[in-house]
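Read the single chain below, which is given as structure tokens and is the form predicted on its own.
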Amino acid sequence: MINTIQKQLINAEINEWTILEKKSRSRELFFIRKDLDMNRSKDVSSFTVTVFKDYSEDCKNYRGSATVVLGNNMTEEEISEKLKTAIYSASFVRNAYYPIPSYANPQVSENSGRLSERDLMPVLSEITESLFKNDSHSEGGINSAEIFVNQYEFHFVSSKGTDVSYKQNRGEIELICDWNKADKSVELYNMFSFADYSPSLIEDECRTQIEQCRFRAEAGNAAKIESVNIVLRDYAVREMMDFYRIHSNVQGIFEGTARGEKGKIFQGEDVKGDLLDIILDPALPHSPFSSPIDKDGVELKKIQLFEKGKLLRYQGSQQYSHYMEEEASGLIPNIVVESGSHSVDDWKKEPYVEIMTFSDFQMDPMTGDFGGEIRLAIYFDGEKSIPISGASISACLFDVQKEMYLSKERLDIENYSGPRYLMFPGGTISGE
């Protein structure tokens, strides 16, 4: 099929292009309580073709591009029509000229985990067993669950000579747990993904969610709490750390939306808390997004982004790196953050609010505003711990980052490896 597409690209006199072939195999299970309600599988292939058209106006060089997705069963005539439409669309795109990456030859390490096995049904059985292992309570447990396991094979070729094949595996679980008391019923939703089957990860996610449901059923509505240490955890911490990657992105720098300045400490002067050390690692073992190249064909390598809070370099796409005359790092999805200086237990000797889960944590990538409605939090008033719910929190990372602390305890989830907890003092919980 790739040869057919290349032939049609030549016929259409398209000189610069990229093709990404993607083969997907997936197996899916849907549970109501512990009963299997439905299973589904699919095997599909697609070809994402990007074409480039160069032209000049007023002695300036421009490059347009357009992308089309082709099916595996399309005829040569259908492919030709799609490509003609794409090159026509590209003629309306007015970007300053930039080159596409030249020949790349990255080292590709094949994933040898359980999700890479050809027959996925035995792996699904093991994942199911891990998921329901801790569902043993009479008052609550798993309400419904959906398990997805996906195998991807990619083949990237370009007019500049790049020809790379690699694989990705991705498991996903959508989980709704509930807890029912005589006068109160609650439920919590969670979705998490992984690159390989890890019994401990799945068992812990399920056990934690059921336990949080039980606490939430016991929780009362929160009163307003002022000037207290706020402890955030898990996915909220990941979102906050990703904020720093966004503000080092070369496209954001070029367009004036990112605030990072190379060589300067992003958190400002006189930082009292932990200074950030951040690495982008395209080959993070547990990440389902690890890849040897990005969508443009840039070969991805591990880079140090922040060191002791100082932004060392910009990162991002080939196009905007060229505009900024920076070495292109490519689009690296995985972020690794160095541990902090304290254990979470150190922070729990004084009054604090630990937010266990939000209804929908929001992190504005431009303004730094973050917060959301609190589904469940634990408030320690100095004497006793009280589960609370129904309150909300809002703050700005630009205000918080001068005195925020990262935990020694670490977390490996999806595209993140770093501190599990983040604490900042002087927070306010709005309640009744």
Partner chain sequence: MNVQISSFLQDHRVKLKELVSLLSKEFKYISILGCDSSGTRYQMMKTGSSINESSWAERGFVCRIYNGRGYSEYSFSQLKDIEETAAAIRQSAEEAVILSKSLNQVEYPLIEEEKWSESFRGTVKNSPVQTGSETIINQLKARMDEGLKMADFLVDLRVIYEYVHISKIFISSNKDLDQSYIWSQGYMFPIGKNEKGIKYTHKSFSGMKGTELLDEMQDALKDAIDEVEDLLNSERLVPGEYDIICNPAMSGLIAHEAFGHGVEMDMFVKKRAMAADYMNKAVASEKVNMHDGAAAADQVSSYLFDDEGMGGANSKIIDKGVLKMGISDLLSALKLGTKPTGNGKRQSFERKTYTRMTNTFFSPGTDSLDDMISSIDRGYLLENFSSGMEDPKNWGIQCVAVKGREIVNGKLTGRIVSPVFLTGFVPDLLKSISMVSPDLELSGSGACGKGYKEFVKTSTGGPYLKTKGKLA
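Everything quoted here is computed from the prediction, not taken from an experiment. Residue numbers count along the first chain shown, from 1.
The following text describes the form predicted together with its partner chain, which does not appear among the structures shown.
- In the predicted bound form, at least one heavy atom of R375 sits within 4.5 Å of its partner chain.
- Although the partner is absent here, R27 sits close enough that one of its heavy atoms falls within 4.5 Å of its partner chain in the predicted bound form.
- Although the partner is absent here, F31 lies within 4.5 Å of its partner chain in the predicted bound form, judged by heavy atoms.
- The shortest heavy atom separation between V93 and its partner chain in the predicted bound form is within 4.5 Å.
- The contact residue chosen from Q168, T162, Q251, Q318 relative to its partner chain in the predicted bound form is Q251, the criterion being a non-hydrogen atom within 4.5 angstroms.
- The stretch among 173-181, 267-275, 339-347, 284-292 whose residues place heavy atoms within 4.5 Å of its partner chain in the predicted bound form is 173-181.
- For the stretch 179-204, the set of residues having any non-hydrogen atom within 4.5 angstroms of its partner chain in the predicted bound form comprises N180, S185, V186, E187, Y189, M191, in sequence order.
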